[in-house]
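Take a look at this single chain in structure tokens; it is the form predicted on its own.
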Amino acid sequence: MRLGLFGGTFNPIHLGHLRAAVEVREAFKLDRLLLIPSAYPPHKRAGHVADAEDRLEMVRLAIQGETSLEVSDVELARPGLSYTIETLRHFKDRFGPESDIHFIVGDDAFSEITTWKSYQELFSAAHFIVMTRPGSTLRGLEDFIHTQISADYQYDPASRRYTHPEWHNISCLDITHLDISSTKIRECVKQGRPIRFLVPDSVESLIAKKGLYR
């Protein structure tokens, strides 16, 4: 089984996240793609992040009726900070060594991966799909991979994939760039400005109902 794991704070989830997830699933022919809200993200300040249960509910509402996407509460069910390496271990144990796990991440987050817990072990646990913007250069990414992760990664321009003799692949995928960010949405809510067409209607309703981000 080809399994995609798209982790993030989703604070809140928006149309850019959803479009990216659909494009990744199609491009890599994933059998399942799970969106995984973090419970206690170690790189975020607590005061700027909505309650984990609210963020989980927003993801559930956002993908309602979309059979190609699923949500997982695995990081909420686990105590303590949400570390990606523990999530990858969970799914490897759950689906077994025959599963083909792909971890999905934006290029900005990937550039900070050396600050993640046991970051080198991540590449022995799963393939990585790095979402890039159309027209972006990969030179900086390649330098980062070779100097910060492993010089043994070799780039194949035909597949836009880095291969390693022992670790899993790192693939790059240009996704449709929608100029939407969770930060921008939170600012709009705080200022009383509309967020329609930035998030699904159901997510907008929940934000208003619970008074999130005010």
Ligand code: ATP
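Don't overthink the numbering: it's just position in the shown sequence, from 1. The structure presented is a predicted model; accordingly, all values stated were derived computationally and were not measured.
Omitted here: the form predicted in complex with this ligand. The next part is about that form.
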**Item:** Site check E26, L30 and F128: each within 4.5 Å of this ligand in the predicted bound form by heavy atom
**Value:** no
**Prompt:** Is there a heavy atom of G16 no more than 4.5 Å from a heavy atom of this ligand in the predicted bound form?
**Reply:** yes
**Request:** With heavy atoms only and a cut-off of 4.5 Å, decide whether R186 touches this ligand in the predicted bound form.
**Result:** yes
**Asked** Does D143 reach this ligand in the predicted bound form if we count a contact as any heavy atom within 4.5 Å?
**Response** no
**Message:** Within 4.5 Å, heavy atoms only: does D93 come near this ligand in the predicted bound form?
**Reply:** no
**Request:** Check each of S181, Q154, S150, N169 and return the one that places a heavy atom within 4.5 angstroms of this ligand in the predicted bound form.
**Result:** S181
**Prompt:** For the chain seen here without its partner, which of 71-79, 117-125, 101-109, 85-93 has a heavy atom within 4.5 Å of this ligand in the predicted bound form?
**Reply:** 101-109
**Asked** What residues of 1-36, in sequence order, lie within 4.5 Å of this ligand in the predicted bound form by heavy atom?
**Response** F6, G7, G8, T9, F10, H14, G16, H17, A20
